[in-house]
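The chain that follows stands alone, in the form predicted alone, written as C-alpha cells.
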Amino acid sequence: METTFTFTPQADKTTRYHEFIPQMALLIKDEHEEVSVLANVCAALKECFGWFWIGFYLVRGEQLILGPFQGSTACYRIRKGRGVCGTAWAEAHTQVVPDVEQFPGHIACSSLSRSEIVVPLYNKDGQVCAVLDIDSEHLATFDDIDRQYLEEICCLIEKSVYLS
C-alpha cells in the first residue's frame, strides 16, 4: 500500500482537501483500531498541510486525554468545557478560533500556537467521543472551508472507528 500522499504543489486549500480526502479514505479503509487510524490520519494531515500541531483528544470519563498527535508536546488532560477542545466537546460542534489569545479560557500548550480549529467526532450513540485539534502558528489560518472538509474527514474516521 502506498503511504505517501500526493498533492499538487501550491494548490489552494480546497484543491488540497479534494486531493487529500480520497487518499485518506483509502488509508483507513478496513481498519478499525482507534489508535492506528488516528495516528495515521495525524501523520497524513501533517504531511499534506504542514500545520504546527495536529492531534486527537479522546473522551475518557469526564475529561479529554491526549491521543495520537504530530507536533510538539501537549497537554495530557482537558476538562469538559475548558479551552477550545473542551468547548468543542461540551457544545458538540466545531470551534474555529482565528486568534487563540481572544478565546476565553484558552489553554496554551504551546506559546507558538496562534489559531486553532477543533472538530468533534461522534460515536454510534451520537455522543462526542473524541476531538480533532489542529493548531497553526499563524493568525486566522482556519475558516469555513477548513471546517467543512475537516468535518468530512472526521465523518470518515467515525465510520471506520466509532460507528463500525
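Model, not experiment: these values are computed from the prediction. In case it trips you up, residue 1 is the first one in the sequence shown, and so on.
Omitted from view is the form predicted in complex with ligand SME, to which the following refers.
Is every one of 83, 106 and 109 within 4.5 Å of ligand SME in the predicted bound form, counting heavy atoms? Each of the three qualifies.
Even though ligand SME is not shown here, does residue 49 get within 4.5 Å of it in the predicted bound form, heavy atoms only? No, residue 49 is distant from the partner.
4.5 angstroms heavy atom contact with ligand SME in the predicted bound form for residue 74: Residue 74: yes, in contact with ligand SME in the predicted bound form.
Using a 4.5 Å heavy atom cut-off, indicate which stretch of 50 to 58, 120 to 128, 22 to 30, 37 to 45 touches ligand SME in the predicted bound form. That would be stretch 50 to 58.
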